[in-house]
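Let us start with two forms of the same protein chain, each given on its own as structure tokens and named structure 1 and structure 2.
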Structure 1
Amino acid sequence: METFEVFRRSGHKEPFEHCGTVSAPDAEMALLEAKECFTRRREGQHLWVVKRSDIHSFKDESLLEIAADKSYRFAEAYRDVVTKRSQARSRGRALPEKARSST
């Protein structure tokens, strides 16, 4: 018997999500078990089963930590956009009429 990880997708707009595990002698049987265990109430329209031994992950999940300060990758690094916007607008309004015209 092998352990299979089960992934389920509820529709075409959703990603596959892990929903549990089953143990089975082969993939065909694993799919049948997964159908009975995880989709009795139309919770999914698509099922995947993957042998657990075929899944690879980091031994040490701390390796997933971001090594240095990379706050510039996140939206919250740009929160001062509101004050910046009003500063830039008042600067723009202060310019002479000629400089503000597009021609």
Structure 2
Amino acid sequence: METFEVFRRSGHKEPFEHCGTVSAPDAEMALLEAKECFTRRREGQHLWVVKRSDIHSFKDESLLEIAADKSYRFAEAYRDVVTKRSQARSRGRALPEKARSST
């Protein structure tokens, strides 16, 4: 018996979501068991079964860490920019010396 991971999607445009596991001798039997277990109440329209042994992941999770700070790509990085700019101007840091003397 092998363990199969079961993925279900409720509509044609919805993503597949993991819904559980079944044990079966082959993929065909796994689909039948998944149908009986995970779509009895019409929770989904499509099923996938995948052998657990065929799913691969990183052994070293540090490979998924972000190598550089790229927070500038997100709107949250620009929160309080107006406030910080006005504070800098009030302290005289925003304009170079020549620009301040000519204004």
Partner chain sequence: MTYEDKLARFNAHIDGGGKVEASDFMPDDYRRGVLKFIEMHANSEIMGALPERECLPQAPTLLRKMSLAAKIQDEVGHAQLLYRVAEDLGKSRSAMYEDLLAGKSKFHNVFHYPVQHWGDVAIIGWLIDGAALVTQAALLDSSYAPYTRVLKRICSEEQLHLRHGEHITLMLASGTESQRDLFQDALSRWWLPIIHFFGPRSNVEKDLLLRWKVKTRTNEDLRQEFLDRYVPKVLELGFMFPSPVPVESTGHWIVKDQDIDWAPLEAVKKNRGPETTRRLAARRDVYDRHRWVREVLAAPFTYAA
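Everything numeric in this text was worked out from a predicted model, so none of it was measured. Basically, rigid core = biggest C-alpha set you can superpose within 1.5 Å across the two forms. Please note that residue numbering is based on structure 1, beginning with 1 at the start of its sequence.
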**Message:** Quick check: structure 1 or structure 2 for the form predicted together with its partner chain?
**Reply:** 1
**Request:** Spell out whether the Cα of residue 17 moves at least 2 Å between the two structures when the two forms are superposed on their rigid core.
**Result:** no
**Prompt:** Honestly, after the rigid core fit, is residue 73 moving at least 2 Å at Cα between the two structures?
**Reply:** yes
**Message:** Rigid core superposed, I'd like the Cα shift of residue 83 between the two structures in Å.
**Reply:** 6.6
